[in-house]
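For reference, the chain that follows is the form predicted alone, supplied as structure tokens.
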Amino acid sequence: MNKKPQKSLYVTITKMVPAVLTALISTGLGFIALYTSPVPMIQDFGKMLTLGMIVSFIVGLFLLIPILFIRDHHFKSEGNKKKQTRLKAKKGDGFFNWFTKHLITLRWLIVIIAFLSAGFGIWADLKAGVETDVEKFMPQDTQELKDIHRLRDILGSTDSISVVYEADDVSSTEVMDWADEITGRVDREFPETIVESRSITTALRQMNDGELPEPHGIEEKLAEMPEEQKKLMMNEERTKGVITISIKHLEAEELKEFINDLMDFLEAKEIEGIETTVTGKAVLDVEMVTALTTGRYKMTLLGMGLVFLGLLIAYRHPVKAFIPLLPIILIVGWSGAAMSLLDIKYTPLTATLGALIIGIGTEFTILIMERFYEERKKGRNSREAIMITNRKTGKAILASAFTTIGGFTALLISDFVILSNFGLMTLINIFLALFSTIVVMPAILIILDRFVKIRHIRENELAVN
């Protein structure tokens, strides 16, 4: 009976599965950073990535490996030996040997250029803009978007901000006078932004020939007002009122600046017994901008920190735990440079790229590093170990990367700009992860090898081919 399938199964379970499991746990730790985002959709994205990763591992371990074993054990004949012999002599191996030898020779130049270019990318990324205008996410030629623009031309505004004010009795004379002053003055304070402002006093003026009723007449006018109309401007308990401010369509940064100025204006006009809150969809958009702008750096740094701690516990060696993160740092920098060169702004989707980079890059770098130290433990020196690693594991990583690229390529044909940009940046990041793993990681492993002690290395070191 052919014993090779049993041997292959044993080697796969004992050598490959621990390495993949380490990469899985490290990637999962990186994705935990997504859960810290205040944006729910990013948290859900992190959960689905983690779940998909676990399912893939379980399917690979308990379904794919048994299927491959059964195929080789029961159906593969001795006649395939000739084919296997031919596969060993594939041209690809020769190319990887030639390629890796040159990488080893140029290792210092490669590392210096890589980190300088990544530093430039991080600098460029700090200046990258954030796009949260939902209208710019949509296909620009859709009829719905054209209708919104036409409606905006007619009405002057389709966006609004609500100023909610609270008091013991918002229908009292003092609060009515305050609301009337704010409603009338806020237009003049921000004439370039505000199209119209309305409150309960606006309705009372319309019912009283343009004048605010005298104190004794306010209750009478309120009684005449339809309940449905009144509910739009104050609650039934008369403890809360709202001033609706219609504004022009603004970019996120301009909107943020306007809301801050409006808050300052209201604070200056606030009187005792009245509390104001600025709210509405426009305010939520600004909050999302802030969350995305500040959150993506925190998520990326937290993700890398968690991956480092996880690897430190697994390897109990700081250098060995730090090595897989170096290519990740490079990809983060290069990704920022790519976004800057392509003039792509961050969106709720592309803000998660840092976590995706950690996820994709960590898997690649850990697999390469694990195989490298496996060869080193066999007694091979660092150069020979990296050549075997690149030749054997490099092909698997290439296949994995191109499979992932194929899946994300479908996003490029989406009419939605947010999806096509996300697909484009994901493809670029996978290419960067591949480049970093195949080209830069070998140089890093060779340079930092002196800081990682390998048992029996001196006794068993082999000559370089």
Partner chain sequence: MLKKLISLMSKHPVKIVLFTVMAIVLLAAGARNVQMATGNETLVSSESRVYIDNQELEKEFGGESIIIVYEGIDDKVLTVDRLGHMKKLETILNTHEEVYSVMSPVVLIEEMSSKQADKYKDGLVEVSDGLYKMGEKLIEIGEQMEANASEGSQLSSVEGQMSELNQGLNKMVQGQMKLKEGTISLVNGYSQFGSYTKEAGLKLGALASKYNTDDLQAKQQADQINKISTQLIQLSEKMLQGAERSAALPNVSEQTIKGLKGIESGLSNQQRQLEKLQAEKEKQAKDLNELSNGLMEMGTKLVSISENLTTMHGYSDTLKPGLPEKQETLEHMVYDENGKKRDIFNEVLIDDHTMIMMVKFNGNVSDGVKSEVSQTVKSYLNENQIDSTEMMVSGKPVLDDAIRSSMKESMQKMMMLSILFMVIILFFSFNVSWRLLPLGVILIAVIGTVGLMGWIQIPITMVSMAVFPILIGLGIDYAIQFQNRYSEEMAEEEGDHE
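Numbering follows the first chain given and starts at 1. All values derive from a computational prediction rather than experimental measurement.
Form predicted in complex with its partner chain: not shown, discussed below.
- Residue contact with its partner chain in the predicted complex: residue 280 places a heavy atom within 4.5 Å of it.
- Contact check for residue 107: no non-hydrogen atom falls within 4.5 Å of its partner chain in the predicted complex.
- Heavy atoms of residue 128 never reach within 4.5 Å of its partner chain in the predicted complex, leaving it off the interface.
- Although the partner is absent here, residue 241 lies within 4.5 Å of its partner chain in the predicted complex, judged by heavy atoms.
- Here the chain stands by itself, but in the predicted complex one stretch of 96-104, 317-325, 111-119, 271-279, 271-279, has heavy atoms within 4.5 Å of its partner chain.
- With the partner omitted here, the residue from 267, 228, 168, 214 that has a non-hydrogen atom within 4.5 angstroms of its partner chain in the predicted complex is 228.
- In the predicted complex, the residues of 413-440 lying within 4.5 Å of its partner chain by at least one heavy atom are, in order, 413, 414, 415, 416, 418, 419, 422.
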